[in-house]
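The chain that follows stands alone, in the form predicted on its own, written as structure tokens.
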């Protein structure tokens, strides 16, 4: 038996091969193109506002430009070419007729029924032999009958006759399906024969050499170099190295902004003459006298000295543009104005890398400085400026009118907590806000997601006490209460509890949202609330000056105030388990949110007091800072207390009760047992199961800390 290899001369196989290859390549590229084309911010709600500043159109244009960057033209061309190729191959598959491979059948060849007798077989064979014998049959071009075709057909007739009359040949036919015995098989290669014939083989070799010797190594090398070229935060490694060298333990927000200007990304933005063009005018603008700060750009004297110590070049101009952006300085130059809004998103991305560097050192001050810098970049505010500048139409003049001579800035929450008449008297008037502008500012303030912490405590899941080196969960309970909301409901004490899930609670084990019972139907069956497994995101940050869409994030971490060190690294929360606003996007739900962070308890027993920080990266003045105490019990002491609580009298229907009765002892009084159990339940209800102080100053056995009454 031999194998015969044949190329696809009829053209019915290679379209399948090309279609499959194009499908494998095109479908992933199509998904990639779809993901790049999809706007991630489209799934997020937005703060509802009609506010637009003088450069709003420019900011919107830069946002759209950044989104178009992800849509690669070459990727679109490849996808279109792939689908066109698949369409062409489908057409060829449909229109090209595949050759029929019939089984060899002597009765069909002789055109006789299978019930024919030997006499009929011989008679038919003689007639066909006389008709198709090569010596007697004549070629007929009209019928496509050639000498070769006539000879081949005569051979088939002879084999068919022998298969039906000769015993040995008939045995071969019965066993192998052919009079010649076991046959070989052919393998068709799904490539047109023309590709490897007529001297075209060398081109195929060149094609394969280009694909596997040049293109594939180039793609793999580019991917590998790309992974090495950028850090995990997405910035250039050279920029990350420069930020590492700029790190200082006592760095503040101004120092972080100066450090961010060292990013190599700014060199790509300010190439050639752009680095020095308009630099003198830019610096004169930001160093002009400011209304609420020494300079219009909001920088301090120390920041000014750092700027002037730099040599002219991309870093100096980038730093000047950053101060112009933070100070909202009008530059009166289209090119400078555009560059001012272009540097902010780059700096915001670089700041993530600086945050990671600060976290590596575990020092509190630099980490907080990086988070506060993120707030400033997103809201376009200089360091130590008034949080009121986050509101629409609020300028330095209006802030001065609201704050007066106070040395402490007024937060948005403090301003909105004042009576409406008081707010109007300070902010509305000639040279201040108009009535419509005031209403718009108040409307936006009432939509800002301020997370008000109601309670924070420590626990170990499934345990009543915390022992050394156990896995501790920091549970933070809070509600989103936008500033200025007057009808804030009281906190439901049940919402402040964090009950451990049952062992058979599959939803809790798999991390799905637990459904609460909201009532019963007519048959008494419980009615559960409808919940969605889709994550709930807060509205996009109200950042009219930032040329990017940004989803707010909250960072929760613990610090040691005495040593100035981070005790528990930040846990970041960008989505929540309960709705923040109603369907209208403006009415808050005041639903209790639960944030959880797990870490390992200290290796020694004792009382550990930490400072808990809940920092929002998008809004100034929306942070929470409070003390929490973690009480770690000795393992032996905790085990002893647990065992004491578990000791009880033997029940009547238990093995211990039966043995006790066998020894002559009377079983415990069921009524008394029920009373004891009820008393224990009452005691348990009065105590905090999660080790919390619950605002009791004398309670030292608990390990949770509440904030002041949030309502």
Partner chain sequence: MFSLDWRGLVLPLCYVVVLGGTFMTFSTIYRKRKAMESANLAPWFPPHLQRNVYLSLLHMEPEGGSEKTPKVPDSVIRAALLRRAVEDIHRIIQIRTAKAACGSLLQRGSVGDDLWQRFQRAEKEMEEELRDVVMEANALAPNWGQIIFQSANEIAANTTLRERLDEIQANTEAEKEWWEKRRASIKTKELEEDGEKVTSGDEPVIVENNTPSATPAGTPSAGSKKKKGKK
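Residue numbers count along the first chain shown, from 1. In this text the structure is predicted, and so the values were computed from the model without any measurement.
Absent from the display: the form predicted in complex with its partner chain. The rest refers to it.
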Quiz item: Using heavy atoms and a 4.5 Å limit, would one call residue 310 a contact residue for its partner chain in the model of the complex?
Solution: no
Quiz prompt | 4.5 Å heavy atom contact, residue 406 to its partner chain in the model of the complex | solution = yes
Quiz item: Counting only non-hydrogen atoms and a 4.5 angstroms cut-off, does residue 402 reach its partner chain in the model of the complex?
Solution: no
Quiz item: Would residue 629 count as touching its partner chain in the model of the complex under a 4.5 Å heavy atom rule?
Solution: no
Self-check item: Interface stretch in the model of the complex with its partner chain - options 111 to 119, 629 to 637, 358 to 366, 458 to 466, non-hydrogen atom within 4.5 Å
Solution: 358 to 366
Quiz item: Since exactly one of 126, 271, 232, 281 fits, which has a heavy atom within 4.5 Å of its partner chain in the model of the complex?
Solution: 232
Quiz prompt | Proximity to its partner chain in the model of the complex, single hit among 245, 596, 131, 439 (heavy atom within 4.5 Å) | solution = 245
